[in-house]
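This document starts with one chain, in the form predicted alone, laid out as structure tokens.
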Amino acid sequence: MSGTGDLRSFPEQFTWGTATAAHQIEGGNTNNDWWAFEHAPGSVCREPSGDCCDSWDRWAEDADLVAGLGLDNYRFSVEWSRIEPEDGEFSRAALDHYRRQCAGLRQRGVDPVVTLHHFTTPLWLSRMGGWESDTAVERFARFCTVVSEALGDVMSSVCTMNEPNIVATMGWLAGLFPPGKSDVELSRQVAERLTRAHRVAVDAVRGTAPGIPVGLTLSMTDYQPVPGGEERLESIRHHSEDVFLDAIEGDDFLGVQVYTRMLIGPDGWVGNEPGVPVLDMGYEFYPASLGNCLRRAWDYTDGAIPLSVTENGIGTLDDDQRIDYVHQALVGVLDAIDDGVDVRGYTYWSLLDNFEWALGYKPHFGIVAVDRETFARTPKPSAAWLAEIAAANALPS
């Protein structure tokens, strides 16, 4: 599609949002595996999450920020360990908290996009074996049913799991997420359970909140081969992406989440290309990765499921670099749409500078800065820039 003048327009119903996750912003989530992982002796974590952005108490301020930017949706997660602090014991107060949050967003004209599992698992379930046990799949189905019953009439859409491929890889292969293991076979067993967990979650949502769109969000990487790396690339991509893409048949959408590319040789990742800027996360500044991965998801699924960008962004202290990255990424989205890829929306990660897992508070992904002492929120120029793009539903060329 081509815009007029110096603008390229997005489709008429294209959605614009931003995203967060409970453990990265709420603070005080002491009852999950990540809190324990952060505080374990010899932890790989740079620092503990602590109070985060104090968003458990300041959620309304965050909702005001999203509405003030004119964004039409806000993707956030509910914290399983707050809602179900012990096996089979559900907190009405926690469910009511998230219900108020959904209702408050709606009152501000913002659609609540609820993620049911964003990396964290209750401690009681970890003690039962966590995702190494089939029990986790059954307990997750029960949890999803309870949440959908409580929030079904105030949610706009549901993401079952955030990047289950990252959970399996980082937790059971790289050792940088709980439980901090490095076992190829275990990581693949966990990945298989997480695909089953997604399916039972879809059934739970559809059974208790019919009509609410439900799908998976997947971390995708723009894998590119260097000479001799083609076979290794296919193996990496199969285990990290394709086994999950094979599990989304019949879903209402696929959330595509992309940040960078990786160059793959015969022995795996060959490192960053010399001369390409490297970000605080340790990977390349490569905004073209988003468009490339959207095309791949569309081709792999034979165009059977609409796509939405549910995360894309950059961790940097240079806000001009952030604007440049997102602008280039959105060019890639428009080019993909022009080529027939059904992309329904774009969600920037993240609303706030928040707790970036093992890297702590060093990476700054937010379009809103957060004072670590006072929790004061200060929108960055990139926030105003994104608001202008959303309002115009078009990108300046």
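Residue numbers run from 1 along the displayed sequence. Here the structure is a predicted model, which means the values were calculated and not measured.
Note that the form predicted together with a small molecule isn't included here; everything after this is about it.
Chemist: Of the residues Tyr74, Phe140, Tyr259, Trp131, which one places a heavy atom within 4.5 Å of the small molecule in the predicted complex?
Modeler: Filtering the options by heavy-atom distance leaves Tyr259.
Chemist: Between Arg296, Arg232, His118, His239, only one gets a heavy atom within 4.5 angstroms of the small molecule in the predicted complex; which residue is that?
Modeler: Selected residue: His118.
Chemist: What I'd like checked is whether Thr221, Tyr300 and Val341 together line the small molecule in the predicted complex, meaning each has a non-hydrogen atom within 4.5 Å of it.
Modeler: No residue of the spot touches the small molecule in the predicted complex.
Chemist: Would you point out which of 356 to 364, 47 to 55, 332 to 340, 63 to 71 contains residues with a non-hydrogen atom within 4.5 Å of the small molecule in the predicted complex?
Modeler: Going through the listed ranges, the match is 356 to 364.
Chemist: Answer for Trp34 alone: is it within 4.5 Å of the small molecule in the predicted complex, judged on heavy atom distances?
Modeler: Outside the cut-off, so no.
Chemist: Is Trp59 near the small molecule? Define near as a heavy atom within 4.5 Å, in the predicted complex.
Modeler: Taking the distances in the predicted complex, the answer for Trp59 is no, it never comes within 4.5 Å of the small molecule.
Chemist: Report whether the minimum heavy atom distance between Val200 and the small molecule in the predicted complex is within 4.5 Å.
Modeler: Close contact is absent here: in the predicted complex, Val200 is far from the small molecule, nothing within 4.5 Å, heavy atoms only.
Chemist: Is Met281 one of the residues lying within 4.5 Å of the small molecule in the predicted complex, judged by heavy atom distances?
Modeler: Because a heavy atom of Met281 falls inside 4.5 Å of the small molecule in the predicted complex, the answer is yes.
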